[in-house]
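Heads up, the chain below is alone and in the form predicted alone; it's given as structure tokens.
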């Protein structure tokens, strides 16, 4: 570490004359900066000095030693809103203990058997939505939230309650990247009302479970697992965990579907092949894995690559570290450009082109895939996302023709706090075979 250069010696983004902090979305040209400055540089972001790290080297360094980061500091919004035991803002042994407690709810082995229940819920909501124009993102988020309430955490979830949960989740996640403006954003009366509704509902649910209500679902397995290990079973800790079971992954999955389906409909030859494959879609086949649906598998991988919902991870250095020849002292704020490799042509040829076929017969390095992060802080909802995506697309392309209204441009980016969003209007029209059945 003695040979490493000090942080003040880092090249500066501002010296390049590139765009930055010129819009409300605070968009920087990190790809150009990476090409000119390398995998690490400094920049002024929201009035403070940050360090940006990107590329395969950065992903390897960030994920190899998760204990070098201070998540308690960098993920403050989750602690403020969800409480001091929320998994996202825990470090070291506390984080590992929490992941053990959450495993009965989120491990693939825990949710794989729920495919028939999730499939039935999604299929039902598609039928109810058929033949009428709808907002695609809102529909998917509602359908996925309902599916979770019928599978991983079974509860009496009416439309009014579901609406409060969805509004709260969207408002909450948008606020996490707002910096100093976050407090005022979270103080808006509508958000406060939704928060009260959400936590009152979850508090009542947890109270009933702790009083002995018998429900066979993943949440009950989480509670039972704690008891079997002699872990404390605390109401305050269970409430945000119940929230995670209902909402983790719903927003990201809705965004992926929203963006991916637009690009899929603009690739008619690939879409035709995929529809032919999915004519045989059935949840029973999905229970055997993705082997029966190779085109669907690579389509989902390409959607994940092009439209990561969290392109950048805000981090805080927890202990002095060296990267790229520079010493980053404890407390340094870092923008980890975890999805920047998605758009490097030396890894993915013609990276801005929607090309699912690029994945056929090819394995890309895990370090080049940052959609869900990596290491022990891998996105908790990844397994739900990777089950719900094929279920939704399988049902949709087997039974319906998707007609899109006006198509706003969905931009691809690697900026912090700028998710892939567009308000797509769409109509699901049953195919003749489906209507006859």
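Residue numbers count along the first chain shown, from 1. On a predicted model such as this, the values are computed, not experimentally measured, just so you know.
What comes next is about the form predicted together with a small molecule, which does not appear here.
Quiz prompt | Candidate spot 88, 309 and 385, all three touching the small molecule in the predicted complex (heavy atom, 4.5 Å) | solution = All of them do, each having a heavy atom within 4.5 Å of the partner.
Practice problem: Look up in the predicted complex whether residue 31 has a non-hydrogen atom within 4.5 angstroms of the small molecule, and give yes or no. | Solution: Judged by the heavy-atom cut-off of 4.5 Å, residue 31 is well away from the small molecule in the predicted complex.
Quiz item: Is residue 205 close to the small molecule in the predicted complex, meaning a heavy atom pair under 4.5 Å apart or at it?
Solution: It does not: once the small molecule is placed as it appears in the predicted complex, residue 205 has no heavy atom within 4.5 Å of it.
Quiz item: Can you check whether residue 374 is within 4.5 Å of the small molecule in the predicted complex, heavy atom basis?
Solution: Output for residue 374 is yes: heavy atoms within 4.5 Å of the small molecule.
Quiz item: How about residue 252: is it within 4.5 Å of the small molecule in the predicted complex, going by heavy atoms?
Solution: Output for residue 252 is yes: heavy atoms within 4.5 Å of the small molecule.
Quiz item: Given that the small molecule is left out here, which of 380, 56, 402, 37 has a heavy atom within 4.5 Å of it in the predicted complex?
Solution: Exactly one residue meets the criterion: 380.
Quiz item: Which of these residues, 256, 286, 122, 166, gets a heavy atom within 4.5 Å of the small molecule in the predicted complex?
Solution: So the residue touching the small molecule in the predicted complex, by this definition, is 256.
Quiz prompt | Location of the small molecule contact in the predicted complex, chosen stretch of 355-363, 244-252, 294-302, 340-348 [non-hydrogen atom, 4.5 Å] | solution = This holds for exactly one stretch, 244-252.
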